[in-house]
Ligand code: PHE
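Next comes just one chain, in structure tokens: the form predicted alone.
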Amino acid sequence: MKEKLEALKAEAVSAVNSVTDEKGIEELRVKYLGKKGEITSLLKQMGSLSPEERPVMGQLVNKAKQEVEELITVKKAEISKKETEQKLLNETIDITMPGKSGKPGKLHPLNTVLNDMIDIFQSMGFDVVDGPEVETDHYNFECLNVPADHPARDMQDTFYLGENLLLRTQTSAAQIRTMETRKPPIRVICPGRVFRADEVDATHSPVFHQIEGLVVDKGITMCDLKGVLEQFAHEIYGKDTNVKFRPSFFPFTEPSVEVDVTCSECGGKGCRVCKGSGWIEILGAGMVHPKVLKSCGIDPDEYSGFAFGIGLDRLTTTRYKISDIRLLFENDKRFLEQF
């Protein structure tokens, strides 16, 4: 058994010295030192020895086992060190090479115009407020003096999610929420996405963007509305832009107007964009209807106000002379890189 032990030990030492990877060293450990390993199995054969030989042989087996185990530990550390060095060598970075420059992103044209509009209205003292895109009939229609039989409530125009839930058709709903929670004076704009069941074409989309504006205070008149909107138009389109107010009708304002500006394409001479009129409609506005103020807990005999709604998408297309609104939503890099 002693000769067998010496042979196994020499075999194990030779095998460990010649192994070159961690997988191989682990296989050798199991082969010689595992529960069923060749050196370990010698301890199970001690019963065949005489009582005098057992302690001597036991010491020799344990000593051989310990020596092989230490040799494997040293070899394993040596292999691990070499593999780490090789990995570091393979991952060496040449610091003399020039770096790779990333292409910076840019704002979407809608966001550029939105930021400009927010800056313009904040400079006039307006706050920016927000509201939920999923609204109730109460805020989207009832409080805005839109009766139950009004065409805007038709399923063809509005995306209904339930009996009293819908995707908001206008950001005016945020104005109602603002008037319910704030006391006059109020001066806010409400930008955001709105949804209507429109056919998709060059000028229409079922998802588009609005900016609603609201001012409520004592003594507010149409002159205040006219001054704010003229200032806004001149900031967006330039000081030479003409602004025209036309009588109109909206359930939540009285009197109501639609606002046109000089066509940016032809400068007012008439073209296919403005259909020969020289004007482009950009927004609707008016004095807040007394019923709307009253529904929000504001006394219409003491306070008055004006409101306006601007189509951000139309404003963007006219400002940048974009012929098709769908370009704003298709995320075509060739189009977006122009901005």
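One rule holds for the numbers: they count along the sequence shown, beginning at 1. The structure displayed is predicted, hence computed values, not measured ones.
Keep in mind that the form predicted in complex with the ligand is missing from the display, and what follows is about it.
*Asks:* Would the ligand in the predicted complex be within 4.5 angstroms of a non-hydrogen atom of every residue among 109, 316 and 336?
*Replies:* No, none of 109, 316 and 336 comes within 4.5 Å of the ligand in the predicted complex.
*Asks:* Work out which of the listed stretches, 64-72, 277-285, 22-30, 294-302, brings a heavy atom within 4.5 angstroms of the ligand in the predicted complex.
*Replies:* Partner-contacting stretch among the options: 277-285.
*Asks:* Does residue 159 reach the ligand in the predicted complex, with heavy atoms at most 4.5 Å apart?
*Replies:* No, residue 159 stays farther than 4.5 Å from the ligand in the predicted complex.
*Asks:* Check residue 237 for me: does it contact the ligand in the predicted complex (non-hydrogen atoms, 4.5 angstroms)?
*Replies:* The answer is no: residue 237 has no heavy atom within 4.5 Å of the ligand.
*Asks:* Are any of the heavy atoms in residue 135 no more than 4.5 Å from a heavy atom of the ligand in the predicted complex?
*Replies:* Answer no; every heavy atom of residue 135 is more than 4.5 Å from the ligand in the predicted complex.
*Asks:* Spell out, yes or no, whether the shortest heavy atom distance between residue 76 and the ligand in the predicted complex is within 4.5 Å.
*Replies:* It does not: once the ligand is placed as it appears in the predicted complex, residue 76 has no heavy atom within 4.5 Å of it.
*Asks:* For the heavy atom contacts within 4.5 Å of the ligand in the predicted complex, list the residues of 231-268 involved, in sequence order.
*Replies:* Read in sequence order, the residues that approach the ligand (within 4.5 Å, in the predicted complex) are 250, 252, 253.
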